[in-house]
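Just one chain follows, in the form predicted on its own, and it is written as structure tokens.
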């Protein structure tokens, strides 16, 4: 995820201070890793340095000073370019899950690799049930449902791969250990 671009997008609706940006991020991207306040303010500092945001004033409503930021013209252009660029499909398999299966086949036997795959399948299935429950929750926001749909689609793909790979473990092991 591109935190700078997400913050630019959140500022597109008007000026906000760091706390409001963090809260909006966590609300609109509910299944993403929550942003740390330090990450928000460090990113805002870089965006300001690069001329993509500007200080829009300070507010001191019953607490510490809060600096509000707004999108600049260059910030809007940068956001528009980012939104117009198609994300290329990942060119490489970069998954801890895949790496663990390969390493298990290299250093262990077929049964250990199978055991790992079965345990991983159980973990994915449990997470799939949790996300399905999120979608069924009457209190779920549309952001919750869309994020759950995204995660479910990825889990479903992983589960199909786990199922297929379980059927290939013995042959794969023979290929790795001729």
Partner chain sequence: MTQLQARGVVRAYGPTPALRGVTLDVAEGEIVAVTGPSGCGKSTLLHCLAGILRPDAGEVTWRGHRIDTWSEAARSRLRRTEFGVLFQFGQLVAELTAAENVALPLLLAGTGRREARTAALTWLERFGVADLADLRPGEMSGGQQQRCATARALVTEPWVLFADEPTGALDTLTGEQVLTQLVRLAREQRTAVVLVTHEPRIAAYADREIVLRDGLVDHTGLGLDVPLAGGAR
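Numbering follows the first chain given and starts at 1. Predicted model only: the values in this text are computed from it and were never measured.
Keep in mind that the form predicted together with its partner chain is not shown, yet the notes after this line are about it.
Contact check for residue 127: a heavy atom falls within 4.5 Å of its partner chain in the predicted complex. When its partner chain is considered in the predicted complex, residue 152 lines it closely, a heavy atom lying within 4.5 Å. In the predicted complex, residue 36 stays away from its partner chain, with no heavy atom inside 4.5 Å.
Its partner chain in the predicted complex is approached by residue 122, whose closest heavy atom lies within 4.5 angstroms of it.
With the partner removed from view, the residue among 66, 112, 46, 135 that has a non-hydrogen atom within 4.5 Å of its partner chain in the predicted complex turns out to be 135. Considering its partner chain in the predicted complex, the lone stretch of 37-45, 66-74, 135-143, 22-30 in range is 135-143 [heavy atom distance within 4.5 Å]. In the predicted complex, its partner chain lies within 4.5 angstroms of at least one heavy atom of each of the following residues of 151-173: 152, 153, 156, 159, 160, in sequence order.
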